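Coming up is one lone chain in C-alpha cells, specifically the form predicted on its own.
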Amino acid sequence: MSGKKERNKERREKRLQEISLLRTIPYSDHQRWWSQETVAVVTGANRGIGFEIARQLAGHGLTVILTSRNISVGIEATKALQEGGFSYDVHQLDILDGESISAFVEWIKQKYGGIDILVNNAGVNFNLGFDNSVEFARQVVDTNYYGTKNMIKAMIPVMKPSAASARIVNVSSRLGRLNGRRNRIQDATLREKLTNLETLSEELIDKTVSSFLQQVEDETWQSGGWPQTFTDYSVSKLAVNAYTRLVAKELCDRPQGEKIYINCYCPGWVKTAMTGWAGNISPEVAADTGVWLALLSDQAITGKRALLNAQRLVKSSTIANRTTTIFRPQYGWVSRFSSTNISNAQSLEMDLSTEESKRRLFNMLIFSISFWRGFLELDLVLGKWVEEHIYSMDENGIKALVHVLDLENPDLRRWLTGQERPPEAVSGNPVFSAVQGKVLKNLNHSAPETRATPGQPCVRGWDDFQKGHDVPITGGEKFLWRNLNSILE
C-alpha cells in the first residue's frame, strides 16, 4: 500500500473512531421531545440501513414500526431487535402496491391513531461495481421514486399534530444531485427548471423520469444526456430529491403544531446487500444521520443542503462554546430539501428581539456554514468570517449573508478568487465583498505557480503543481495546503 493510501486509510479510521464515540453521547433532557408514545415508521427495515435506523430509534425510546415486503422476514427482524428490550412492531408493506399501502394506513389509524416520524428507506439498485445496466430501470424508478412518493402522500394525513412537529426523512443519494460535477443531467434548461422552486412541479418530475424510461425502452438513453454512473438509480434519486423539495414548499406554510419537516440525506457507500457488501461505511454509521434528522429538537437544518461527502466528519461550530448547541456531529450528506427555506432571505424570520430568538437564528445560519460548506478551502474562509462577524450583524447583514450562502460552487469560488467577474448583485453584497477582500489579500502572498491566469476555470491544485507548469490543470478543486494556511490566517 502506498504512503498516500495508507495515510488516507488512517485518517478514515480515525474519523470512524471519532464518530463512534460521538454517537454514544446521549441527547440532553431539553433535546428529547419524544417519548415511548412517539411512533416512527421505517420502510424496508428488515435489513441494512433500515434495520439499523429502526434499532437506533427504538434505542432512543421511541415505538418503532418496521415494514417489510416479506412479512415473515420482517417478523424475524423484529424478533432480533426485541431481544434488546425495546418497543417494536411490524407490518407487511409493499410500497409499489396501492392496496398494501392503504391496508397499512388503516392499521396505523386503528392501532396507533397516527405516526410522528416516517423514514422512507425502502429502495433497490441492481448495478454493482462499474456496471451501468438499465435492464431493471422501470423497477428502480418505480420503487425508489414512485414508491417513496406514494408513501409520503399516504402518510401525511396520518401524521400526528404536535408542538415538536412531525418529520419525514428520505434516504437518498449524492448520485441524485442536480448539479453534480460528473454525474448530472446534461440538459441545463431542465436542470434549471428542476432546481427553481417556481418552476418545479410534480408533473415536471414525473415527465422527466418518464422521458428517461421511454428512452430506455427505445434504447436511446445513452445519448439522452442522463447521468453516466448507475444511471437508473441516479435518475430515481434525483426525482426523490426534487420531490422532497416540492413537498417541503407545500408544507412550509402549515401553522405551528401542524408542521411537518421533510429532509433527505445520503448515507454514503454502505456495506449492505445493495452494494454487494463493497461499501466503506457500516450500517450503524450510515443510519446515524437519518436518526439524527428524525430526532432533531430544533429544525435548524431545514432550508439548506449540506454538500458533505459521507466520508467526512462534520464538527460542531464554535457557537457551542458560547451557548447551548443544538448541533450533533454526524457523518453523511444532508439535503436542503425541507419545509422551510432559508435560501430566501425575504422569507427568513429575522426576529432579533430576544436573546433566545437571536440564538435560534444564529444557530441556524452557523449550522448552514458548518454543514453544507466547510470542506472546500474557500468555504473555510467564508465559515470563519461568518463565525467572527455574525453576532454583530443587523437584519440587513443577515439578509446579505443568506444571499451569499445561497451562491453555488464553483461560481462562488471563481468569484472570490477573481477568476471571473461576479454579477453586480453579488459584487455589491457587503458580506461577499468582505470575504473576497480577505481571500484576495491572502492569495497575493501565496506562490504565483498556484494561481490560475484570468479566464482559467480554477486555481492550480497540488497534483498540477507536482506535474509541472506545462501540463493541463486537473487538480483545481484544491489549493496547495500551504496556501490554505495563509488564507486562514
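Treat the numbers as computed from the prediction; the structure is a model and nothing was measured. From 1 onward, residues are counted along the sequence shown.
From this point on, the text means the form predicted in complex with a small molecule, which you will not see here.
Only one of 164 to 172, 218 to 226, 198 to 206, 109 to 117 lies within 4.5 Å of the small molecule in the predicted bound form by heavy atoms, and it is 164 to 172. Of the listed positions (Leu57, Ile49, Val41, Val435), a single one reaches within 4.5 angstroms of the small molecule by any non-hydrogen atom in the predicted bound form, namely Ile49. Though the small molecule is absent from this view, in the predicted bound form it lies within 4.5 Å of a heavy atom of just one residue from Thr231, Thr78, Gln419, Thr275, which is Thr275.
Within 4.5 Å of some heavy atom of the small molecule in the predicted bound form lies at least one heavy atom of Pro267.
Taking the partner from the other structure, the small molecule in the predicted bound form has no heavy atom within 4.5 Å of any heavy atom of Gly290. Residue contact with the small molecule in the predicted bound form: Ala122 places a heavy atom within 4.5 Å of it.
Although the partner is absent here, Ser282 is not a contact residue: none of its heavy atoms lies within 4.5 angstroms of the small molecule in the predicted bound form.
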